[in-house]
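Below you will find one chain, with nothing else, as structure tokens; this is the form predicted on its own, and questions on how it binds or moves follow later.
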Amino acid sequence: MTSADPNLYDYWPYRNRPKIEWPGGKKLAFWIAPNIEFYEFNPPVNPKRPGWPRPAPDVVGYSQRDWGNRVGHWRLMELMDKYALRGSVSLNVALCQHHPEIIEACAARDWEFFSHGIYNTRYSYEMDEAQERAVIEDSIRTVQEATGQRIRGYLAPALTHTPRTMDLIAEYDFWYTCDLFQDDQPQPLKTRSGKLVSMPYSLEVNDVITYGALAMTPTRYADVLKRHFDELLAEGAQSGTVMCIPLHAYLVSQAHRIGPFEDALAHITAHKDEVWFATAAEIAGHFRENYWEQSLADIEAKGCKRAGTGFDDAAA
């Protein structure tokens, strides 16, 4: 590792890679990631980041996110049912105890679950290895007990990491991480063990960014989703691409926003002949089984392979 590059993946030019074909010859693998989260009202203090942007007690921030668990998720589930779309749930696993009704409803729909940490107010910063292992093991155990599923994906809580995060989740036989944003196709990551795939997630079409940071109108957000989809679908004719829509019910499911979001889903699902509607685990599994080895071979053949693994000096 150098100070300019964590060496988590090799540079791999987008054009002229081995062609990816999704099941059925589909051009684009599409998945939706509802973030089902729990924000503690008074979380433990982390020295690197406050739990809430406003001073405590922040009853406004807490209750806004609580609206998502009380109203938003149910509205979003019903909309996704209408278009026969399954979710891959980015889950704060403590929600299995706080609101089991939501977990049961998602499991009944055959949705996938992956870990987004315990709470979205407990960050990975400053964790030692034993603490981070405990979070990962808790995630696996809690979701398995609640749903019967063995989770295969990881999105670090509030996108906070340590230098050892990728190596640990690979060691625990996770198949994919959503924490990197370097590509529109899956890519093998450089971990000490396992076969960990960087799964295309998104900040660009993530509703936290579009509604929070960019203050888009609902119709503008719907237009962005359609144009993002159209371009990735067109490029998928050359080699299969991936599109994810990361969602937060406290934002996208508001009454004045859900209609324009439905317009985007109607546009996307009108392309059933060209799109593989899948879960993230299904996409990662297909890539690991069919394209892992040839991707590594192509990276090496192009002279892009570098020695070592991610943060190898820092994680030692």
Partner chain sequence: MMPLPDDYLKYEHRRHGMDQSLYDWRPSGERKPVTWPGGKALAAMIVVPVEWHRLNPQGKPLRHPGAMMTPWPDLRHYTTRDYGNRVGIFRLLDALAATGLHATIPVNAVLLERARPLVEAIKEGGHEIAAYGLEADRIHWSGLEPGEEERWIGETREAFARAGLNPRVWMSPARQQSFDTLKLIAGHGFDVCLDWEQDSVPVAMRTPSGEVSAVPLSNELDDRTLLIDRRQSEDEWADQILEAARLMISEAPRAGGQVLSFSLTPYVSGQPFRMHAVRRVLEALAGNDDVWSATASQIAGAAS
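Just so you know, these numbers come straight off a predicted model, no measurement behind them. Numbering follows the first chain given and starts at 1.
This protein has a second form, the form predicted in complex with the partner chain, left out of what is shown; the following refers to that one.
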| item | value |
| --- | --- |
| Contact at Ile118, Ala278 and Phe287 by the partner chain in the predicted bound form, all three, heavy atom at most 4.5 Å | no |
| Of Arg227, Arg133, Arg141, Lys82, the one that lies within 4.5 Å of the partner chain in the predicted bound form (heavy atoms) | Arg227 |
| In the predicted bound form, the one of Thr191, Thr162, Ser239, Thr147 near the partner chain [non-hydrogen atom within 4.5 angstroms] | Thr162 |
| Option from 72-80, 101-109, 85-93, 153-161 whose residues, in the predicted bound form, bring a heavy atom within 4.5 Å of the partner chain | 153-161 |
| Contact flag, Arg54 vs the partner chain in the predicted bound form, heavy atom cut 4.5 Å | no |
| Lys302 within 4.5 Å of the partner chain in the predicted bound form, heavy atoms | yes |
| Partner contact for His256 in the predicted bound form: the partner chain, 4.5 angstroms, heavy atom | no |
| The partner chain contact in the predicted bound form: Glu129, any heavy atom under 4.5 Å | no |
| Residues of 52-82 having any heavy atom within 4.5 Å of the partner chain in the predicted bound form, listed in sequence order | none |
